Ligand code: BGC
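Shown here is one chain on its own, the form predicted on its own, set out as C-alpha cells.
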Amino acid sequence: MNQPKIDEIKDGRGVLVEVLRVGACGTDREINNAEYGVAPEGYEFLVLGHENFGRVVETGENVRDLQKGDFVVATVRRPFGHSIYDTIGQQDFTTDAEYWERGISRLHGFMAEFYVESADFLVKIPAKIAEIAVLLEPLSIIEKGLKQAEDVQKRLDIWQPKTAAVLGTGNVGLLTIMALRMRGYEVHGFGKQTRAGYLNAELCEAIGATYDSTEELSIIDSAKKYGEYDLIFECTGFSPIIFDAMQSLNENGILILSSVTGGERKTDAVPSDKINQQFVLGNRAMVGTVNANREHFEMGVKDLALCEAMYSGWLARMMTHKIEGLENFAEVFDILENSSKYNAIKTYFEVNKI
C-alpha cells in the first residue's frame, strides 16, 4: 500500500511517474517540526510532499487514459478508510478519525524521484500549463471551497454573487483571487503588509483585484468602503479575523474558511449577539474547506488554463523560489520558516527537468 510496484496496483491500473516538481508549504514545515504527521505502517519515517507534478514513464496493461510522456498531478487523499464517504469516492469528507494522505498521513509523499500510483488518482495536465501545474494541489482546496459555496447557495432560487473579499494574499490567497476573477467576481484582497514594494499586492492588481493592508483598513471598515461582500474566503491562518469577516457579509452571503489553526488563541469582546442576529436574519452561511477529490483537481486545471490564456505569465510570477534537487531540502525549510525574509510566495523543488 505504501510503496507498491507498478504490477502490484490492482486491475492493471498502475502508473510509474517521474517526479518533476514538488511544492513545499506550511504543512510540510509543520510535519518537519513534528507537530503532526503519521508514518506509513512498517516505517519510522514519512516522505514529505503532497504538492506534486510529474511525467508518466510506464503504465499498467489496463491504463487507457494515460500514456508515456503525459504530464500528471496526483490527488492526495486515498479511500482506504471505513467511512461510507471512502466507499463512494468522497474520501475528502471521511468521518474516520484515521485517514490516508500522501506525504501527510500513513502514505509516503512525492519528495522523491519516482512514485507508483493507480491511474485513478492521477489527473492529466495539458502541456501548455506544465510550467505552473505544481500549483494545482493547493488550488484544488480552493476549488472545493467554491464548489461547496455553490452547493450551499442552491438553497436560494437565485444567487448572483458579484463581490468577494479574500483574506490573506499568500500563495493560497492569490490562487483564490485568481479563481474568483476567473468566475467574474469583483475581488478585494487583504494582507497584513503595506502595499509599497509588496509583490503580492502588485499581483492582486495585475489580475484586476484591489489590495488593502489590514494595518490600514480593517475588514469591517472595508465593507463600508466597498460594500458588504457576497462571498468572503479566509486564507490567513489567523482565526480572530473570522469574526470581522462574519460581520462583513452581505445578505445571503457565504464565508469560506480554509485555515487549519492549531494554536490556542482566544478573542475577547466578540459581539456574539450581533453576529448571531446577522446570520439568522440575513440568511448568511459559513463552511470550511480541506483536502479535495478528483473533481476539484479537474476544476483547477480549467482555471489554470483560463488564467494562463487571459493573464499569461501571472501564475509563473507566484513561483518565486525554485530549489534544484531534493538534496537541498535544508534551503527549502529555511525559506518556509522565514518566508517574509525571503519574500517567498511559492517555494518548490525542481527534481527533474520538464
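So that there is no doubt, residue numbering starts at 1 and follows the sequence shown. Everything numeric here is computed off the predicted structure, so don't read it as measured data.
What follows is about the form predicted together with this ligand, which we do not show.
Residue contact check for Tyr211: none of its heavy atoms lie within 4.5 Å of this ligand in the model of the complex.
Using a 4.5 angstroms threshold between heavy atoms, Val76 counts as touching this ligand in the model of the complex.
In the model of the complex, this ligand lies farther than 4.5 Å from every heavy atom of Met246. Heavy atoms of His296 never reach within 4.5 Å of this ligand in the model of the complex, leaving it off the interface. The stretch among 212 to 220, 249 to 257, 265 to 273, 101 to 109 whose residues place heavy atoms within 4.5 Å of this ligand in the model of the complex is 101 to 109. Proximity to this ligand in the model of the complex, defined as a heavy atom within 4.5 Å, singles out one entry of Met318, Leu306, Val290, Val47, which is Val290. Using a 4.5 angstroms heavy atom cutoff to this ligand in the model of the complex, all of Thr27, Glu137 and Ile141 count as contacting.
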